[in-house]
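Below you'll find only one chain, the form predicted alone, shown as structure tokens.
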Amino acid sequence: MKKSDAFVKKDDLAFLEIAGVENENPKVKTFYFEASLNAEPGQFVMLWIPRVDAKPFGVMSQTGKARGGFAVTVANVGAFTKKMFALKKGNRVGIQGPFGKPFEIPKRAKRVALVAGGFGAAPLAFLAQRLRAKRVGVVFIEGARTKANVILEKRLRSLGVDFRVATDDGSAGFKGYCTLLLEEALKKEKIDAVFACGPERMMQAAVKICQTHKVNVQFSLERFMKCGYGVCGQCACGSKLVCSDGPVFETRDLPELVDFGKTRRDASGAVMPL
């Protein structure tokens, strides 16, 4: 399929060639596709490898809505991603999407904070791209275990964001949790809104900090998904389905997200503590 006629439709399965692969670090790769997707920041696609499985991945970047391209960033954490890591330029992958509720950019926002924990930097990178195109100032706070685990820094800096990093061991930037950098920013700077993506406990802490400072926060939840359509119910969080009601939620949704920061479901549907 050529770039000029490649177009992913939500209800159809498209088999696309991988146009390029970029190593972010030994455990993270970005896969590029030359196809129009029409995604919004925060939405995701389902990637399918025949005879293996299908898994959801947030869109990391998009070059345009007409004859453009998009990318997803993948961490090697399980059986599916191990197979994904073995794929190279020219191999084909099944793709459906985009799915889900995206981030909503406040119309009058002048400066916002994006808080990413680990692999959560990927979908927030797409949001940063869109925000900078609208000339919104962005404080991008990324948390990682060590300097080697920081991803997409070069890409983000090229967008003109105020990039700040926190590592558990202090090997890069601030030593400690990224939420502490968020709290510092909200105390000292004028931040109109906050967006978060990453480990659920991290986002739970970010939400509490934003509530204290009376700043609206939107956060992207990750749950075990099988369908992407809201049919199987596997991704339930409280009374919400993450694939269709989310994955982006905000402060006003908290009363219905009774599982947020507490429990999750495994592949069998069993409830487990976070």
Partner chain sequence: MGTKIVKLETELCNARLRNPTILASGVLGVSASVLVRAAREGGAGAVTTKSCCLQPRRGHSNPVMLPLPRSASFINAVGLSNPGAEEEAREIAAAKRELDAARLRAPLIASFFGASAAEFAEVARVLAAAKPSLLEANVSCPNVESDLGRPFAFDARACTRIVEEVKAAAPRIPLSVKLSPNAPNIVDVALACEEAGADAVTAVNTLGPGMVISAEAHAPVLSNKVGGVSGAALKPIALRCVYSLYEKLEIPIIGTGGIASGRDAIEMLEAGASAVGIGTAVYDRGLTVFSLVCEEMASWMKENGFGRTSDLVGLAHEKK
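Residue numbers count along the first chain shown, from 1. Every value quoted in this text rests on a predicted model; they were computed, and no experiment measured them.
This protein has a second form, the form predicted in complex with its partner chain, left out of what is shown; the following refers to that one.
Engineer: Within 4.5 angstroms, counting heavy atoms, which one of the listed stretches 36-44, 234-242, 22-30, 208-216 is next to its partner chain in the model of the complex?
Structural biologist: Of the options given, it is 234-242.
Engineer: Counting only non-hydrogen atoms and a 4.5 angstroms cut-off, does K262 reach its partner chain in the model of the complex?
Structural biologist: Looking in the model of the complex, residue contacts with its partner chain do not include K262, since no heavy atom lies within 4.5 Å.
Engineer: Verify the contact flag for G230: yes if a non-hydrogen atom of it lies within 4.5 Å of a non-hydrogen atom of its partner chain in the model of the complex, no if not.
Structural biologist: G230: yes, in contact with its partner chain in the model of the complex.
Engineer: Can you check whether L274 is within 4.5 Å of its partner chain in the model of the complex, heavy atom basis?
Structural biologist: Looking in the model of the complex, residue contacts with its partner chain do not include L274, since no heavy atom lies within 4.5 Å.
Engineer: Is T73 close enough to its partner chain in the model of the complex to count, meaning some heavy atom within 4.5 Å?
Structural biologist: The answer is no: T73 has no heavy atom within 4.5 Å of its partner chain.
Engineer: Verify the flagged residues I105, V139 and K188 against its partner chain in the model of the complex: is each one within 4.5 Å by a non-hydrogen atom?
Structural biologist: No, because I105, V139 and K188 lack any heavy atom that approaches its partner chain to within 4.5 Å in the model of the complex.
Engineer: Can you pick the one in Q129, N149, Q96, T81 that has a heavy atom within 4.5 Å of its partner chain in the model of the complex?
Structural biologist: After the contact test, the surviving option is Q96.
Engineer: Can you list, in sequence order, the residues from 118-150 that come within 4.5 Å of its partner chain in the model of the complex, counting heavy atoms only?
Structural biologist: Heavy-atom contacts to its partner chain in the model of the complex: nothing from 118-150.
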